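The form predicted alone is given below as one chain in structure tokens.
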């Protein structure tokens, strides 16, 4: 049986970055268990956006720190290939007076925390995004420091840095069972053999609820499909990520010239379905053609789906599981795990090691569902 100091289930951005921070802090026997290849789950299927524009203080602080980290991450991780981090801004569109009032509240909060966002008029929007059709738009918010980051390179950078520090990454290794011994260690049976450790981190994304159930823990999370598409590469004509909460739509042009866009479906059933539909293709094409009519003729290359791991208040579930000593969770990100990973993973590592984290994440604790301390985020698609 292989023995480790900590086992992390899930080789997405969260698992790989937690492994790096634990190894960096001196924990050498760190094992990351991944059923496929790294970034094969939600990380590799996300829209690749990163933003500080949120409507709750905890999310603003987490993302302010995450973007600060991303600005120097290539150097910190000694990654020569680039993580594709570009700060071209996020532009939120308000389609009603009530929505604009909420954006004003958001910006006031963001500014109080040192985030350089601003309220913009439809005229300002045309300057920021000349292709945007502002018909029916009454205003919005904008932050030039928000942007884009490559999820595959970022995850790989963390994974390589972790292994250089002594961590072990077991790809294509499926978890089959988890038990806790009388001595307090977790014993994992995998397709590659047995592993034992006193600390277990559940960062399994869409499968986090299933992993927790092996230990008798009921995580209040579920998964649902979110569809996305990418177009051919064309001349760069759009800098910011465009987000319409009214339409449930986001769209950005990546550094290589492709447009990535997604559309939320309030009627999407719970489950692990990762198929995709012509209905999504039709709906997103219709809506984006109205907002950005000049890109109507750009050809779609492909579409795919990923899984959001959702919590009751659409906020992450982080930290220790009090009922099972040694068990920690990092799940329920509700579509925002990739962008939050740089700060959250560092805080998770500090909590596991008994240190005080730079960014407090106790508000995301599992106990909030028992205590009724849920908090809702108004700035989500």
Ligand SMILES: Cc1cc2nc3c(=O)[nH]c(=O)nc-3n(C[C@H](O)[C@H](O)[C@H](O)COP(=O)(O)OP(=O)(O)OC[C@H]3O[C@@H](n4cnc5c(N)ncnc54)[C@H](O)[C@@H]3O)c2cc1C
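Keep in mind it's a predicted model, so treat the numbers as computed, not measured. Residue numbers count along the first chain shown, from 1.
Same protein, other form: the form predicted together with the named molecule, not shown, and the subject of what follows.
> Give me the residue from 201, 91, 211, 288 that has a heavy atom within 4.5 Å of the named molecule in the predicted complex.
It is 211 that has a heavy atom within 4.5 Å of the partner.
> By the heavy atom within 4.5 Å rule, which residue out of 62, 30, 318, 339 makes contact with the named molecule in the predicted complex?
So the residue touching the named molecule in the predicted complex, by this definition, is 339.
> Any chance residue 348 has a heavy atom within 4.5 Å of the named molecule in the predicted complex?
Heavy-atom contact with the named molecule at 4.5 Å: absent for residue 348.
> In the predicted complex, does residue 240 have a heavy atom within 4.5 Å of the named molecule?
Taking the distances in the predicted complex, the answer for residue 240 is no, it never comes within 4.5 Å of the named molecule.
> Though only this chain appears here, would residue 48 touch the named molecule in the predicted complex if you measure heavy atom gaps against 4.5 Å?
Yes - in the predicted complex, heavy atoms of residue 48 and the named molecule come within 4.5 Å of each other.
> With the partner left out of view, is residue 84 within 4.5 angstroms of the named molecule in the predicted complex by any non-hydrogen atom?
So residue 84 does not count as contacting the named molecule.
> Each of 66, 157 and 365 having a non-hydrogen atom within 4.5 Å of the named molecule in the predicted complex: is that the case here?
Not a single listed residue reaches the named molecule in the predicted complex, so no.
> Quick one: which of 304 to 312, 230 to 238, 161 to 169, 291 to 299 gets within 4.5 Å of the named molecule in the predicted complex, going by heavy atoms?
Among the candidates, contact is made by 304 to 312.
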